[in-house]
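Below sits a lone chain in structure tokens, taken as the form predicted alone.
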């Protein structure tokens, strides 16, 4: 329990640091959201500029500390400001529209690649020298290939030549997003090729790590004792060896889940997929500081929450952590 309290305190401090850095970095950069708006619309009157400064919380709106307290108050009310490039849309509205696309694509692909890679890594370790173990260099080659390069090859082969998958976009143009089968099938069809590309380039890492740790665990005394008792191979590998070998993968999976919100930036650009990554690129190109700031904040909190959940899983999955904290 003390371990969890200490970790919770650490994450609260880390969250405050992320919020503070997210506030000061945009204000340390040259220009601001109002300057960007005035550059786009040079005919705006001075009164309009003052109204925009009040809207975006920049300019002569009191001291920096005063702006910081206003920022914290707005954040407590889930008010991340107004997007410059998509004015007058709120940042929270933009995130509510784009985050589900990234979660559906990158989140699903990450879970599938983790599950497949971990399972294949267990079997490769248990059957050392088998065909699966010998095929590891091929999986490693896919992981070493830049995923955007593999995506371009996949688009050329599966979309342009064979016409199996759509080339780009999140759904067919002309459809209205909604919970109907036509739109859902179109969204699934457009996400299959990007998802398969992510799985192909990330599965090898989980597989290789799980194989190496499992091989080390198989040589432990408690695993040898389980084999000497005459237990089935399936029970030995899953109940004794894999249960402890998977712990490092859990930590890596938590970080991967945390970065799911960031999306596969280049992947979404290649496929023109309407997720967080493509939105972040558009926000940076448009000098949309409020939207960029909101996306970075969401990514930071997603990583912190994922790491905190990984700590909780470690406490319940590894008795050694509980024993160590008892002393």
Partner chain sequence: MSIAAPLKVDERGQQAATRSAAPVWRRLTKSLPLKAKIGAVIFSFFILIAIIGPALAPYDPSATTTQVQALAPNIHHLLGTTSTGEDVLSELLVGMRSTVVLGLLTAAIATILAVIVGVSAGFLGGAADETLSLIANVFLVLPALPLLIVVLGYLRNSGELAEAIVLSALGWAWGARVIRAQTLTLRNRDYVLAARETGEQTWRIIIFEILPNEVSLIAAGFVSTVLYAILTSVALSFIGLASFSGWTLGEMLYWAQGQEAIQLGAWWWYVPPGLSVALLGTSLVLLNFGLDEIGNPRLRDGGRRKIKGARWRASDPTPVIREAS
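Computed from a predicted model, the values in this text were never measured in an experiment. Positions refer to the first chain, counted from 1.
Missing here is the form predicted together with the partner chain; even so, the following discussion is about that form.
Q: Choose from 110 to 118, 180 to 188, 147 to 155, 69 to 77 the stretch whose residues reach within 4.5 Å of the partner chain in the predicted bound form, heavy atoms counted.
A: This holds for exactly one stretch, 147 to 155.
(Q) Looking at 208, 95, 196, 104 here, can you tell me which has any non-hydrogen atom within 4.5 angstroms of the partner chain in the predicted bound form? (A) Exactly one listed residue reaches within 4.5 Å, namely 208.
Q | Contacting member of 232, 140, 168, 239, with respect to the partner chain in the predicted bound form [4.5 Å, heavy atom] | A | Going through each option in turn, the one that passes is 140.
Q | residue 215, heavy atom within 4.5 angstroms of the partner chain in the predicted bound form | A | Yes, contact at 4.5 Å.
(Q) Given that the partner chain is not shown alongside this chain, does residue 88 nevertheless sit within 4.5 Å of it in the predicted bound form, heavy atom to heavy atom? (A) Flag for residue 88 set to no.
Q) Contact between residue 273 and the partner chain in the predicted bound form at 4.5 Å, heavy atoms? A) No - in the predicted bound form, heavy atoms of residue 273 and the partner chain never come within 4.5 Å of each other.
(Q) Although the partner isn't part of this model, could you tell me whether residue 13 comes within 4.5 Å of the partner chain in the predicted bound form, counting any heavy atom of the residue? (A) Residue 13: contacts the partner chain in the predicted bound form.
Q. Listed by sequence position, which residues of 295 to 309 have a non-hydrogen atom within 4.5 angstroms of the partner chain in the predicted bound form?
A. Residues within 4.5 Å: 296, 299, 300, 303, 304, 307.
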